[in-house]
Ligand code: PD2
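Here's a solo chain for you in structure tokens, the form predicted alone.
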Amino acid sequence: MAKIMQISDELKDWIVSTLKNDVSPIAIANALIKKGFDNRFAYETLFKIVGNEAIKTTDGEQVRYNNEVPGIGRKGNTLYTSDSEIKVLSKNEKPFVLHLDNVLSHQECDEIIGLSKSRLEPSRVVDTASGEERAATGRTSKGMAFHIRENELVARIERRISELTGFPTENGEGLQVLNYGIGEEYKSHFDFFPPNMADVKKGGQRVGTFLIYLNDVAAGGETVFPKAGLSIVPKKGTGIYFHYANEDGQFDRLSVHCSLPVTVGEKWVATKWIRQNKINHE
């Protein structure tokens, strides 16, 4: 089988984002080689990107992401689930970001924080070479993940997210809770995986992210989409849903985002990543 000797804009942007999170260029090159890329091409491409040299991609300047409005974006300015009424605070088209009020009650936020506190560990990222999770300087928070439908509260939140987005609960990864202290952040990154590197056995590619703010942050901690000039201040019980995939198999590079450092107080968020297909949670 012929080795791959070209990369897409999506893969290039993912490599740049991953490098910013302190992943070794050698590790990324080795991961590309495992996925079928030519050895020399993989290493030369990484060294050029690290050196800020221009590289040719398969997309060039002509192929643009074809924006599609997901189902949640066609439901109007008030969204209803079986147990709640949720107001749309704002909607951004490119990338698609929906800012929502009253996703969780204050009591639900407090309960989720209480259930997660004793299980927090330093946040980790997936090493592209080994597939194993490891610590990274670009992500300086603490976190934990609930099992799917682990308890009544988690199941209720997962059902609410499913009803809002239209994706089955089984398409979602386990609800993750993150805690950021003063100075802690998550540098610019994409939530989707690099092309050809999503695990089909784990539901395939990520297509959307549902992020819920569990507390008010005194200062800092905004979620920022730098390419869209969009900044969202954490407010207890509110949430955002951003969608970054379309029916053509493209991924929206405008969805690159970060969590700014907390400057006063702390920040608590709950995140549900949604995949293309159902995940085997056994």
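None of these values were measured; they are calculated from a predicted model. Residues carry their position along the shown sequence, with the first being 1.
As for the form predicted together with the named molecule, it is not shown, yet the points below apply to it.
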| property | result |
| --- | --- |
| Candidate from L178, V154, L79, L100 lying within 4.5 Å of the named molecule in the model of the complex - any heavy atom | L178 |
| Segment that reaches the named molecule in the model of the complex - one of 197 to 205, 170 to 178, 85 to 93, 109 to 117, heavy atoms within 4.5 Å | 170 to 178 |
| Residue contact check: C258 to the named molecule in the model of the complex, 4.5 Å heavy atom | yes |
| Residue contact check: N215 to the named molecule in the model of the complex, 4.5 Å heavy atom | no |
| The named molecule contact in the model of the complex: L104, any heavy atom under 4.5 Å | no |
| Any non-hydrogen atom of T271 within 4.5 angstroms of the named molecule in the model of the complex | yes |
| Those residues of 222 to 249 which, in the model of the complex, come within 4.5 Å of the named molecule by heavy atom | T223 |
